[in-house]
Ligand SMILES: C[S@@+](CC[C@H](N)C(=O)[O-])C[C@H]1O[C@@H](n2cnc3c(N)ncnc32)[C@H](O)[C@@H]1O
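Take a look at this single chain in structure tokens; it is the form predicted alone.
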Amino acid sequence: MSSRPEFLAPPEIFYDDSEARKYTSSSRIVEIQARLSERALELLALPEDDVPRFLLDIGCGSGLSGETISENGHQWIGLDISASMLNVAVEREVEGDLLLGDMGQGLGIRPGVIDGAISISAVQWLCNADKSSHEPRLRLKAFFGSLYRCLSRGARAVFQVYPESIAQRELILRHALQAGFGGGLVVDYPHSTKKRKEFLVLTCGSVPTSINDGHKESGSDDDDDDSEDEENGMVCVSDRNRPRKKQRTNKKGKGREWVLRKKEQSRRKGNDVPADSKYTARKRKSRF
């Protein structure tokens, strides 16, 4: 039987009082959470101007990743579905504000107020139908749609995920792109079974997506980037952006001026030529 918690029970049930305290008291888990949170903040690529940002921690649990955000000088708000986890966070007197809620029902946050979002080991829970009313596709759509709205334009969201399969990974990424995000998947230590970690790095708005910003040195060549990724065990698996509408181009270069010139030549020959209008030379759509 698999030991992955999302296969055992819904998160609000699995992380009861006992499990929440056991999770938070494990020095190994605390260390892993801190390391993953640092990496997520690195991939957020926040401006280095010493200005605190307002970040969202999705699936914040007992506030372990929130502590990393606070240590980096930023303000944060945390959302989690487990009341027991949030109670432990309150007892630990974390600096962030806490919300009890189900991310699969959307985020009740005002539009454009969040400067960045991180999530550690939480988003894959949305792929499970824990209740008869749960439809993973609808829950992912509600989550990514509301996240896109609450982020400021140009902000990033970084999710560390443990997808069960390639199909599940594609399901998550597809709904993120459909919500309007650009971005892709970053895999750290792809050839290691134990160290391998996947991060979904998303950008809100029409801003060019650069997955490896956190590890690039300015002025470095492509060869240097490849070697640096090798040394750090980090590699970009996919870099996908939301498709844009194709620009209408006339392959033969026959624009409006060319058509008007040809019509005038035809008139001089005495031919019956339709009058010019704003629709002259406009390309017709293949369908209505």
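Because the structure is predicted, anything quoted here is derived from the model rather than measured. One-based numbering along the sequence shown.
Separately, the form predicted together with the named molecule exists; it is not shown, and the next lines address it.
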Testing 149-157, 197-205, 183-191, 113-121 against the named molecule in the predicted bound form with a 4.5 Å heavy atom criterion leaves exactly one stretch, namely 113-121
May I ask you to state whether residue 176 is within 4.5 Å of the named molecule in the predicted bound form, using heavy atom distances?
-> no
Does the named molecule get within 4.5 angstroms of any non-hydrogen atom of residue 101 in the predicted bound form?
-> yes
Should residue 139 be counted as a contact of the named molecule in the predicted bound form, where contact means heavy atoms within 4.5 Å?
-> yes
Would residue 81 count as a contact of the named molecule in the predicted bound form, using a 4.5 angstroms cut-off between non-hydrogen atoms?
-> yes
Any residue of 62-79 that, in the predicted bound form, places a heavy atom within 4.5 Å of the named molecule = 64, 65, 79
